[in-house]
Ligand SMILES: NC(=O)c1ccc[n+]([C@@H]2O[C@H](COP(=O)([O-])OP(=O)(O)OC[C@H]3O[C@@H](n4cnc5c(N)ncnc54)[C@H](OP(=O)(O)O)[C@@H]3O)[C@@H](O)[C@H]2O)c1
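Here's a solo chain for you in structure tokens, the form predicted on its own.
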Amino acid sequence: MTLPATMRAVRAVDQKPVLVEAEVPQPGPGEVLVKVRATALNRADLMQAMGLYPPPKGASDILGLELAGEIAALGDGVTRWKVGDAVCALVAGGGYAEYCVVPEGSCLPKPANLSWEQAGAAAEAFFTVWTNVSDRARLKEGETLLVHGGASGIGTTAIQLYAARGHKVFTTAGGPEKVALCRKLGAFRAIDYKSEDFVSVVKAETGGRGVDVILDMIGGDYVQKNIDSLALEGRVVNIAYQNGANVTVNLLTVMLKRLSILASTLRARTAAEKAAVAAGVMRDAWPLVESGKIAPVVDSVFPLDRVAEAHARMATGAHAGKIVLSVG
């Protein structure tokens, strides 16, 4: 395959996402070059565009943390993939472009039943949900899960995955339409945080026991509320602090209930660490995707040259599921 010298890509310029011309990157040892068909937005992209979240050392400064496309070239030592394979992938940067270099272990085979747009919206959410809920928080058979932000890309993925795996899933969402979506995706109880107190609902629905695991990206006053909502030996894992990271909490409750407060990031992990996450997703989630039992929820699709409009939609918080950029 003859590759072009340059490509369309999106970089942060004056605190905005701007379409530019960039050199086509070349894969190094253990890497593949993917011709991108679709990518999806994440809040980290908005923060990076505004200058608030620089990429990790060595990562591309092109925006974008995930993609789907076809492998266009192989770096030295790559044995798992061949040119032409269709993949979904997690990247530390570079996804908003026509070509992107990816460590081979961060790729998963694109499920044949997914469109390019759905596949482009799959990797970041599934990697994030699995590594935090299954790996770090150790959700076990028979345990209950509370997912905040149920209508987000992370939320819609977590609800589907763990409901399909037999767990009772609670979630919070804002407004009747988002609550209805969460129920449709398999939530046992979708709580409208605009009109209901999730601590009271969880206590009532569990006979005062609480839930075993909470996945939270809100932070702020939710930190104490999460502690109050957990069962004995419960675990909460934070993946973001949209409402603030500096909080005051009652640690006596944490001690008496023997709780675990966890948090993690994914972007800066090593290629080997991400490959281990990919293996977990492949084992526990991908069969459900490939069988059609669960699928990424796509809110809207924008062409790459309308990236600013896509970012503006995410900034409003009105979306449900993933916002996708169609690349080619």
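Predicted, not measured: the structure shown is a model, and the values here were computed from it. One-based numbering along the sequence shown.
Below, we refer to the form predicted together with the ligand, which is not included among the displayed structures.
Only one of the listed residues (Leu185, Leu108, Val236, Ala173) places a non-hydrogen atom within 4.5 angstroms of the ligand in the predicted bound form, and that residue is Ala173. Exactly one listed residue, out of Ser291, Ser260, Thr265, Gln26, brings a non-hydrogen atom to within 4.5 Å of the ligand in the predicted bound form: Thr265.
Annotation: in the predicted bound form, residues Lys16, Leu63 and Leu304 none come within 4.5 Å of the ligand through any heavy atom. Though the partner is left out of this view, Ala22 does not reach within 4.5 Å of the ligand in the predicted bound form, counting heavy atoms only. The ligand in the predicted bound form comes within 4.5 Å of no heavy atom belonging to Pro103. Not displayed here, the ligand is kept clear of Ala73 by more than 4.5 Å at the level of heavy atoms in the predicted bound form.
The closest non-hydrogen atom of Asn243 lies within 4.5 Å of the ligand in the predicted bound form. Of the candidate stretches 93-101, 114-122, 146-154, 247-255, only 146-154 has residues with heavy atoms within 4.5 Å of the ligand in the predicted bound form. Residues are counted as partner-facing when one of their heavy atoms sits within 4.5 Å of the ligand in the predicted bound form; in 198-228 these are Met217, Ile218, Tyr222, in sequence order.
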